[in-house]
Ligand SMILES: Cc1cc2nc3c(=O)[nH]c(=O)nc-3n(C[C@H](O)[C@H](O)[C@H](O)COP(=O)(O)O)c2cc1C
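The chain below stands alone and is given in structure tokens; this is the form predicted alone.
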């Protein structure tokens, strides 16, 4: 785990709890492994363009090596983001839960890196689509903050948590199945209540520096 890609999805700056928690982990990791490489990708405060018709046409062009220059341009950012993902060992995603799912910038990043022929393969078996993940040997850490309580495993609001399930599904689809989630809950509750949850998340992140 010597190469880390940190994807920051909160539209907040200094007020972001998910960003602050991510720095707890990243700082501790650097202190323990000073020779490790860290790459940051901002998707919360920088526009990641949504997938459009031109992107789809270029991504599914029947002869990828012969794509016209215009199609190559349509995929330039996606190619960069995929190469970035493939070039690192540990993916760290810091994100808040927004309306039970992930912020739009993170969803746009997902759509850019789920690429046929690069991160997954698509074939037909008797007319039925079959999918094969192409990403191997990587782990992911999701660091998230939530306004309410009970969205984690076994919680009374677990069924409303479409953020963790979306990220686990997408990452698993491309081949990243070793996924750890660390969450701080209750931002919309009393200040002390959230502080306790955030402190517990910090301790878990510090432990993960030794475990991952």
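Positions refer to the first chain, counted from 1. Values in this document were obtained by computation on a predicted structure and should not be read as measured data.
Another form exists, predicted together with the named molecule; not displayed. Remarks below refer to it.
Of the heavy atoms in residue 123, none are within 4.5 Å of the named molecule in the predicted complex. Using a 4.5 angstroms threshold between heavy atoms, residue 12 counts as touching the named molecule in the predicted complex. By the criterion of a heavy atom within 4.5 Å, residue 29 is excluded from the residues contacting the named molecule in the predicted complex.
Under a 4.5 angstroms non-hydrogen atom cutoff, the named molecule in the predicted complex lacks residue 139 among its neighbouring residues.
Of the candidate stretches 48 to 56, 180 to 188, 164 to 172, 30 to 38, only 180 to 188 has residues with heavy atoms within 4.5 Å of the named molecule in the predicted complex.
Among 99, 130, 72, 80, the residue placing a heavy atom within 4.5 Å of the named molecule in the predicted complex is 99. Contacts between 112 to 148 and the named molecule, taken as any heavy atom within 4.5 Å in the predicted complex, involve 145, 146, 147, 148.
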